[in-house]
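The chain below stands alone and is given as structure tokens, in the form predicted alone.
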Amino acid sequence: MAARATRQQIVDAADELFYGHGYAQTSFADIAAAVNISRGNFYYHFKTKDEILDAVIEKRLEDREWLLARWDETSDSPAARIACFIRIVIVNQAKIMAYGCPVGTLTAELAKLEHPSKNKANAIMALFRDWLIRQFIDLGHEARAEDYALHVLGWSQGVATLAQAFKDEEYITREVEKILGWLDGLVPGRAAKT
């Protein structure tokens, strides 16, 4: 197996384990077992768990940058792009109900641990915030763009937390419909759905 492919397998396995079990609860041995490689081969790629964490954060950041860029390219309006962001809780609801939001849970865990990589993880939330701000500006709400962006981001984190706590798919669907109605009311020429 090529070194690059092995390294990517380690990062992918660590990403899943950090999401499902948490960073602190995942050991080198857990990751090595998931990839089915020897510890020696494992240490060739990563010397510390913190190095793996940084690689996982970089992967998550790149994955989210790609997703947002795809929405920018394929959605015809800022409201449609924001709706894509909102609907992601339905697209990923099974995982969210099991483990919460992959970005939110990692940033919260690293903050509690006062981990040196917490600011790197926070960059993913900043990426979402900044992208949402641009969408609301494009929608014609420059004066309130940051407020609206944080509202949507806070909404998504709250829904993910309650979805994990209560495992209620209908709750997720209701909340998505409510915030989509709110968003529709921000589109010039439209009134909010009730």
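Not measured: the values here are computed from a predicted model. A residue's number is simply how far along the shown sequence it sits, counting from 1.
There is another form of the same protein, the form predicted together with a further copy of the same chain; it is not shown, and what comes next is about it.
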In the predicted complex, does residue 151 come within 4.5 Å of a further copy of the same chain, counting heavy atoms only?
yes
For residue 43, is any heavy atom within 4.5 Å of a further copy of the same chain in the predicted complex, or not?
no
Can you tell me whether residue 69 touches a further copy of the same chain? I mean in the predicted complex, with a 4.5 angstroms heavy atom cut-off.
no
Using a 4.5 angstroms cut-off on non-hydrogen atoms, would residue 108 count as touching a further copy of the same chain in the predicted complex?
yes
Looking at heavy atoms inside 4.5 Å, which stretch does a further copy of the same chain contact in the predicted complex, given the options 51 to 59, 134 to 142, 33 to 41, 157 to 165?
157 to 165
For the three residues 13, 73 and 78, verify that every one has a non-hydrogen atom within 4.5 Å of a further copy of the same chain in the predicted complex; reply yes or no.
no
For 105 to 137: residues with a non-hydrogen atom within 4.5 angstroms of a further copy of the same chain in the predicted complex?
105, 108, 111, 112, 113, 122, 125, 126, 129
